[in-house]
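As structure tokens, one chain now follows by itself in the form predicted on its own.
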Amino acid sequence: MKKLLLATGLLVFFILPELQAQDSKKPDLGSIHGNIQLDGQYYREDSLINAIPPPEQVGLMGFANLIYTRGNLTAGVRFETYTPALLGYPASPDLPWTGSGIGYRFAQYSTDMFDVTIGNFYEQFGTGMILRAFEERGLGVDNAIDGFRLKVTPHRAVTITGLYGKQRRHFDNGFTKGAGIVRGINTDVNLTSLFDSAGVAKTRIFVGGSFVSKYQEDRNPLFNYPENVGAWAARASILRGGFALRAEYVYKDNDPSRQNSLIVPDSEIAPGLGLYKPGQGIDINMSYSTRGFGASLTAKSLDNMSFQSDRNAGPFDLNINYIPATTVQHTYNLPATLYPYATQPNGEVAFMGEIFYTMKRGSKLGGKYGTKIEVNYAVAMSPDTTLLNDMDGRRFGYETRLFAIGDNMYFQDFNISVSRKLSRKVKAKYMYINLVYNNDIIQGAFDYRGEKVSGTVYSDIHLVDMDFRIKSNNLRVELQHLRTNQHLGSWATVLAEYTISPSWFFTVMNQWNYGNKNSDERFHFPFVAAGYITGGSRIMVSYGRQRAGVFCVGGICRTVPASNGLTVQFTSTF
């Protein structure tokens, strides 16, 4: 309640002076907009797949954003409820979200030169490798900063951002904050605009730099933890026509933590203390695109870049930074839910290359409507490290160099797809994916008892996606097959979606683990759903069986337990 009163006070504080300045005959009262989402699930016990309902039998969670805008002022609050949260939500197993209350509130005032925010805010410096405060609601990840942010634009080509505050830790009838303080400053400069006022230059150059530090009190009586830890980043981008080159280098001071103690897991001397080795990373991306053709190359190397405002936090909690994924984020059911890659902030060397080409309409190979071919290859390897015998001294633990590639493959993804419009009413896509998934590192594959399996999974996936236009309606059919001799064996999936324009949609899907070596565990996972859309609102009712696995967005994955039951989801914007 105190937080709600504070949010209301902030609104009044900013609104009243503006109201007084308005013409009394034509008062501008501003506008209110927002959005709502509710997710509820009724659980049934399913002992075959180890689906265990919670004591309440039902999970319900949701949120509602209310945003008030008037002139240069924007202010808002977000109400959240988790009574209780759905199984497997949020991502952090250490800090469950529970209860109802205010999860986010802010007031922002902006002019051409100044932009000031008090309360909660999200922010990103560069690629996010030293600071990204963001929310990913599907994962249950929210590391919003609560404090003060000021953006200054002294020139149209220069933006300076400063921030100060504490991060959201978890939700317990309202958001709670972590112990550490986050401070940061960032500058982005458009050199082309700065020196080319006429705007005739064909080459555009951008540079930027950031510094972020955290403070956390050290109360450990045995070890000397650094209370202030700094990190900095430098980046540049060059764009000309369809060509783009972007690069960013980041460095972090020594930051012993629960997470980086896992880099040398066999340490027998204070195993939870962490390593005092500084971290660093680099991300380089080069791309070229023109009509009908595009290509890109990405190279990334990380060493000890987990950066959290609490040195004892779990892997999903109080992360100050975000490591962008260097793999394709698949959306088809089998590759997206069985073996997706989770970025390894403690260290990885990753490369990805993509190319697409569209064959012209009317050509022999392109057909009447053209044909698009896409090829992608991504690989993530362990860094090449040399262990040091210094755990009772300076405690670096190991040494390595950027782009020094080790012998351990974490993940590999080769995929190729061909998309073609066969007629005015039929479109087709075929995709082949070859995956190598090291579950000893990624740890996203489970058996039907919910236990993580060990070893590497090698799989081949074939997908056919057909889209049929039937008068004003649409039918989409997916056929998917995954072959592997590891983990749970081979799978087949059939999905059909029928959309009756403009409001109704229906989905039927079945996953079948037909290749399981244990014939008693060749389970089906049926799923049916129906929904209705009107205006900005959408409601969907579904019923189905869900196996244990992971759900990933942008290289961050949360564990999803097995479940069986009825789900209702409602969303609305206004």
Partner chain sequence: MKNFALILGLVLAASFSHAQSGQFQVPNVKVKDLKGNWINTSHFDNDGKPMIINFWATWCMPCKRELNNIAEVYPDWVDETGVKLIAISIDDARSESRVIPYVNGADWDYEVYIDSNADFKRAMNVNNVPHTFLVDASGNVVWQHNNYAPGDEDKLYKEIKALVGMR
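Positions refer to the first chain, counted from 1. Bear in mind that the values here come from a model prediction, so they are computed numbers and not experimental data.
This protein has a second form, the form predicted together with the partner chain, left out of what is shown; the following refers to that one.
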{"query": "E80, G103 and R395 all contacting the partner chain in the model of the complex, non-hydrogen atom within 4.5 Å", "finding": "no"}
{"query": "Close approach of G76 to the partner chain in the model of the complex, 4.5 Å, heavy atom", "finding": "yes"}
{"query": "4.5 angstroms heavy atom contact with the partner chain in the model of the complex for L482", "finding": "no"}
{"query": "4.5 Å heavy atom contact, V464 and the partner chain in the model of the complex", "finding": "no"}
{"query": "Q57, heavy atom within 4.5 angstroms of the partner chain in the model of the complex", "finding": "no"}
{"query": "Residue stretch of 251-259, 220-228, 395-403, 293-301 approaching the partner chain in the model of the complex, non-hydrogen atom distance within 4.5 Å", "finding": "293-301"}
{"query": "Partner-contacting position among Q443, Q486, T153, T203 - heavy atom within 4.5 Å of the partner chain in the model of the complex", "finding": "T153"}
{"query": "Partner-contacting position among D460, D196, E354, D172 - heavy atom within 4.5 Å of the partner chain in the model of the complex", "finding": "E354"}
{"query": "Heavy atom within 4.5 Å of the partner chain in the model of the complex - qualifying residues of 456-481", "finding": "D465, D467, R469, S472, N474, R476, E478"}
